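What follows is one chain in structure tokens, specifically the form predicted on its own.
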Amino acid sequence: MEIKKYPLQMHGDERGHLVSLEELKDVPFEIKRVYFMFDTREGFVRGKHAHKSLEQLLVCVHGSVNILLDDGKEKTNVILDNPYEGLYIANNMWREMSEFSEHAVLMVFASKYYDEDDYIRDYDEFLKFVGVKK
């Protein structure tokens, strides 16, 4: 499984730092939606789904979070703890977000508008969708 992390444009000096993102440059797709997760309580897992066609770039803008990626054949964990690095998640990839640090904020850039029909929320259905037999 190929993990794609994107370095983001960080600018700063003694006053502080900022990160800028531009679609089709820093984000490898046109951005249709942006949302963020925060105040995730200890022990909870977010995500637990895949998308049929949606692509995402995840950036932990504060704190840290563990991302489990699963393509149906292979699983890997990626720690996001750097506000100037984004994790690209292609379609057909199961994802689970867990182990949010205190005050963590996970920002997500999405290639499509919200569409419930694009979600695969059952793991066995996901495996069928990607052509993996149990």
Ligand code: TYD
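These numbers were taken from a predicted model, which means no experiment stands behind them. Numbers follow the displayed sequence, beginning with 1.
As for the form predicted together with the named molecule, it is not shown, yet the points below apply to it.
Legend entry - Contact flag, Met97 vs the named molecule in the model of the complex, heavy atom cut 4.5 Å: Yes, contact at 4.5 Å.
Legend entry - 4.5 Å heavy atom contact, Ile31 and the named molecule in the model of the complex: Heavy-atom contact with the named molecule at 4.5 Å: absent for Ile31.
Inset, instruction - Answer for Tyr123 alone: is it within 4.5 Å of the named molecule in the model of the complex, judged on heavy atom distances? - result: Tyr123: no contact with the named molecule in the model of the complex.
Legend entry - Residue contact check: Arg46 to the named molecule in the model of the complex, 4.5 Å heavy atom: Within the cut-off, so yes.
Inset, instruction - Identify, from the list Val61, Ala90, Leu68, Met37, the residue with a heavy atom within 4.5 Å of the named molecule in the model of the complex. - result: The residue from Val61, Ala90, Leu68, Met37 that makes the contact is Met37.
Inset, instruction - Using the arrangement in the model of the complex, list in sequence order the residues of 98 to 133 with any heavy atom within 4.5 angstroms of the named molecule. - result: Residues within 4.5 Å: Tyr114, Tyr119, Arg121.
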